[in-house]
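Here are two versions of the same chain, shown separately as structure tokens and labelled structure 1 and structure 2.
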Structure 1
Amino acid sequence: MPNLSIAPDGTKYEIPTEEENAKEREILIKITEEQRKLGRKIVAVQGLGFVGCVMATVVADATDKDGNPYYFVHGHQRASKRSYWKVPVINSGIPPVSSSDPEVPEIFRRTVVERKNFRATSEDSVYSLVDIVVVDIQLDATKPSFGEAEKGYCDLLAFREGIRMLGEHIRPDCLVLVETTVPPGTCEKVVKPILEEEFIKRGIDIKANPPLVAHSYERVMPGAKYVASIRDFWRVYSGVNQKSIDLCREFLTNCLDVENYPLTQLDNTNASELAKTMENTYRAVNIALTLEWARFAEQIGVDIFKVRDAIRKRKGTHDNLLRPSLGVGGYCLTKDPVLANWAMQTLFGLEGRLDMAIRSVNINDTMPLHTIEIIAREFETLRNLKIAVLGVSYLENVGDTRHSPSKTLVEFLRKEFADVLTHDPYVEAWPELEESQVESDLKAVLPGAEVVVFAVGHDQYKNLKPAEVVAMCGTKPLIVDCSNFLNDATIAEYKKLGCKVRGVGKGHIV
């Protein structure tokens, strides 16, 4: 039986055999030699997830004033059943991620098919051939108890294994640039010691050739400006020594639009790592604050979103006030405060904890329960209630389901024995909730629905006419707006059709 990796669309790909790996090693060496003759440095991107795959294209797309690429990029993805499929998909010039950004398929086609300076592989020995490794390994925070983020911790096992692999292969003069969001202290206390240990095993003098390690965190937003959020955005960076800092600055300057978005150098990697986790903690606290006020607004008949718009007119101090919603999802706000809190206690051995940061995570993680409360107020029981949830990704117009608040919503509704159907135009599979079938046709979820939850603001949902929704339902469902996706005129249309409308922070609806 072949060892298969299955893509989200169901296509099956055979994982390479050892014989095929041997041939791949020969191909990698040949390609690298050819690219060096063209005067290009060689980069490997470790991990081809939502950040790594697009970061690899941005690096490959970077050119000098004459239009010549600076780099050839090897994208490396482990040969696991879960993720190997990305390798053949990328090598066909197709992005392994779904996005509303039209530049995503364009930049994959340009770098893979036209310029041929980006290629994916699962062969570990590729790291022995490169000048720079960009680390984009997934690193998560584990929260063992729902709503108790203070118990959360960081499992560094897979990350350590990835760094150890680099230490076993890279040349001493290779820069390891950590782009993954990591707990403060990781480069200094985890990455550098592992590389030193592996260098010593290989007989490398670490005093003459200390590991070159830098950190520069991503600020990726996988939506309509997915590529631009990597290439055309401000970067913070630092390194464990001056040579690492200099090499990192040169690399980022070549790849990114630093003329319009200047680089910021911090004193050390602890500072750079802390900057990322603090940046996202600030946003998490901001959102948690708005939920408290949204509940208040609902009880006194106020539209919190109109209040928010009024406040945001005060530019420079209040225009970054965020909004309440179904909940907080994605790969950053849900975990970064936990990473920092864990690092404070574990990597640095300090007492106490980051109380406000952790409380914000608890509020945000449990936020979907408020939408359930809104639904429950309108029905005697949730048992057998047919509910259509529109949107299971964590962000509008993307297919990323990581830490989606819709997962919490669906799980808790089903605990109450509600009959929940889900729809999302961007999601082919929901690995975090595999038992839930995500439909791509609204006609598969709306007929007979007694509740329609607008969970995510995909354009498709915002463009739906109330008469269309009611006609497909064949009922007069309760409409639940989770984040101001429906304006007052649309709400009025639903009400004329006999529907009740409720929403997070929308206390003005009567």
Structure 2
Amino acid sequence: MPNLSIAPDGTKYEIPTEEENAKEREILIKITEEQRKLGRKIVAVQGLGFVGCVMATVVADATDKDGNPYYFVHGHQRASKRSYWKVPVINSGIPPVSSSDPEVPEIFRRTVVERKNFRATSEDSVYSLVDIVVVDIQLDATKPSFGEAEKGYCDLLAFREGIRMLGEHIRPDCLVLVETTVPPGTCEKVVKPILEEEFIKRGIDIKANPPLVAHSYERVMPGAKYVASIRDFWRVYSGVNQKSIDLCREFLTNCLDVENYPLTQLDNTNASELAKTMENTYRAVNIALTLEWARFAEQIGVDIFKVRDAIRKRKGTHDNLLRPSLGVGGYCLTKDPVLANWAMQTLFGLEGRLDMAIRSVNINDTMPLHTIEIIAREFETLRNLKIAVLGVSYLENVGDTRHSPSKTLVEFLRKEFADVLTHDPYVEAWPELEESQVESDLKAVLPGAEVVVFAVGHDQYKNLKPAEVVAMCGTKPLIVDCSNFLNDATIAEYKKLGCKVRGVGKGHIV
């Protein structure tokens, strides 16, 4: 019975047998020899997720002043049921990620089909053939209990296994460049020691040939500027020794637009790892501050968004004040503060914790409960209340549901036995909330609704006319605005139609 990996479109791909892997090893050796003869350095990208697969194309797309590619790139994806399908899909020149960035399909076609200097494989031995490995394997933080981010931890097992596999195969002079967002201390205290252990097992003198480890975090934003968020974006980097730093700088300089987006070298990898986690913690704390003040504003008749706009007029010092919302989701701001806090205690063995970071994550994670409070104030009970939730992705105009605040909202409303229907124009399936059918037609969720929650700021919702919504509902629903999606004129129209309107941070609505 063949071992199958199934792509999102349902296509089934057979995972290679040992016999096919042996053939693949021959192919890899042959390709690598040919590419070296063309004067190209050989790079492997470990992990072909939403970061690695596009990073691999950016590296393959890099050319010298005569237009010759610097590198041949082997993209490596473990032969798992969940992800092996990416290997044959990429090798057909198709991106394994959906994207609104027109450059994504273009750069895959150019590097895989036209130049043929990017190829995917699931064969581990590829790492013995390369000069540089870019590590883009996933590393998650786990928060075991809701609203208690202080108990969050990082399970390094899979990451350690990935690094150990590198140690078993790479040549001693191969640079390992970690791009994955990792807890501060990981390169020095996890990656380097594992590589040293494996080098020693292989009889390599680690004094003469110390492992070469660098860190430069990615700032990938898989939206309309997916490729540019890798190639045309500032980078921070460092290494465990001078040679690692020099090789990393040379590689990034060849691959990225460092003229317009200069590199920043930090003293050591702890600093570079701290920078990424602090960057996203800064953003999470910024949002948490506005969420806390939104509650205050609601109680004293203030529209926090007008206050925010007034403050942001101070360009250069206060114009980065963010906004309150249903809550904070996504893969970055929910995780990075927890990684740093965990590292402080576990990797560095320090007392205490990053209080503001952890408190901010707790404010952000539990913020959807405030929207429930807003609704509950208007009804005797939530039991059997028909609630239409508009938006389940974590961010406006994208279909990504990872760590979506709408999940918390829907789960807690259903715990109160409310009758919740969900809609999102970008989301067909909601893997994190399997039993939840996500509708793509408003007519499937609005009829009979007693509450309409504008949860996510998709453009489609912002263009909805109050009269349309009320007509589709056939009721005069409570309208709940989670993040300033409705301006005062629209609010007045809803009120004229007999609807009550409430909103996060909108204390001025009477």
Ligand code: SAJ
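Bear in mind the structure is a predicted one, so any value in this text is a computation, not a measurement. In this text, rigid core is short for the largest set of C-alphas that superpose within 1.5 Å between two forms. Residue positions are counted from 1 along structure 1's sequence.
**Student:** May I ask which of the two structures is the form predicted on its own?
**Tutor:** It is structure 1; that copy is the form predicted on its own.
**Student:** Quick one: once the rigid core is lined up, does residue 465 have its C-alpha move by 2 Å or more between structure 1 and structure 2?
**Tutor:** Yes, the C-alpha moves 2 Å or more.
**Student:** Taking the rigid core as reference, does residue 439 move its C-alpha 2 Å or further between structure 1 and structure 2?
**Tutor:** Moves: yes, 2 Å or greater.
**Student:** On a rigid core superposition, would residue 204 pass a 2 Å threshold for CA movement between structure 1 and structure 2?
**Tutor:** No, because once the rigid core is superposed, the C-alpha of residue 204 moves less than 2 Å between structure 1 and structure 2.
**Student:** Core superposed, what is the CA shift for residue 393 between structure 1 and structure 2, in angstrom?
**Tutor:** On core superposition, this C-alpha lies 3.6 Å from its counterpart.
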